[in-house]
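Below are two forms of the same protein chain, given as structure tokens: structure 1, then structure 2.
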Structure 1
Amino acid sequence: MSLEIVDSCVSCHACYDVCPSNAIEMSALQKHFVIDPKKCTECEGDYADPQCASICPIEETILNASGIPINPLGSLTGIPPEKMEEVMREIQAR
């Protein structure tokens, strides 16, 4: 049972500071933070919510044990995903 950080991580350290299990470390290879699956408890017994996923500012960066993003697109910024796509298409077209 472990969460996972994927490569959209911006290395802001926020999760690293709040993990109760010291399961998060900087990966020199991947150049962002990663979760040690042997140490991660998903905060069970410590907190109601997994801490890394409660502070991470980047959507779709922390996955649950089934590989599903805990913070899906639009859930943290409030930007509807279709609006984001539309605006990015406009910028590309310029």
Structure 2
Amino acid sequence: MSLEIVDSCVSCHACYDVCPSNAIEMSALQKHFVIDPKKCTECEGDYADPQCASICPIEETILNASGIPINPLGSLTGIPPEKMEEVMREIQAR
């Protein structure tokens, strides 16, 4: 059981400070934070939701073991992706 941080990570350190199992570290090769699968508990037993995903400011950056984002598009803004696309098209048409 482990989560994964992908390349869209901007290394803001938000997740680093909230990880209860100290599983998050900077990767010298990838230039962004990574999660040590041997340490990651997905916050089970500590919190209801993974703390890294609940604080991450970049949507779709943290994936579950199945490769599905646990901080999907719209999770920060509360705006469904379809609505955001519609609004962006409208703004660009001006």
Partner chain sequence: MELNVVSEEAPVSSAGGCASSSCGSTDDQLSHLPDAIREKVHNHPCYSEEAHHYFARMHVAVAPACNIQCHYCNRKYDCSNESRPGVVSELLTPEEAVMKTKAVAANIPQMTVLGIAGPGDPLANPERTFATFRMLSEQTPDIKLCVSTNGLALPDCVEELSKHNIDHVTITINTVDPDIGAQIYPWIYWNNRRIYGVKGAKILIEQQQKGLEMLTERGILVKVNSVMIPGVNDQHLKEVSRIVKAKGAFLHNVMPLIAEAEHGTFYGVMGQRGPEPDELQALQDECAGDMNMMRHCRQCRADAVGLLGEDRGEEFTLDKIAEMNVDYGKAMKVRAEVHAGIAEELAEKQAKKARLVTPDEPLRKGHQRPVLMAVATSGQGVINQHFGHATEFLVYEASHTGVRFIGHRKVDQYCIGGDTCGEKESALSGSIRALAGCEVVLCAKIGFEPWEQLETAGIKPNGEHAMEPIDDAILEVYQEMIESGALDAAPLHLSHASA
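In this text, the rigid core denotes the largest set of C-alpha atoms whose superposition between the two forms falls within 1.5 Å. Quantities reported herein were computed from a predicted structural model and do not represent experimental measurements. Each residue is numbered by where it sits in the sequence of structure 1, with counting from 1.
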Here the form predicted on its own is displayed as structure 2
Core-aligned CA displacement of Glu25 at least 2 Å between structures 1 and 2:
no
Align both forms on the core first, then report whether His13 has a C-alpha shift of 2 Å or more between structures 1 and 2.
no
When only the core is superposed, Arg89 shows a C-alpha shift between structures 1 and 2 in angstrom of 8.4
After superposing on the rigid core, the Cα of Thr77 moves between structures 1 and 2 by an amount in angstrom of 3.3
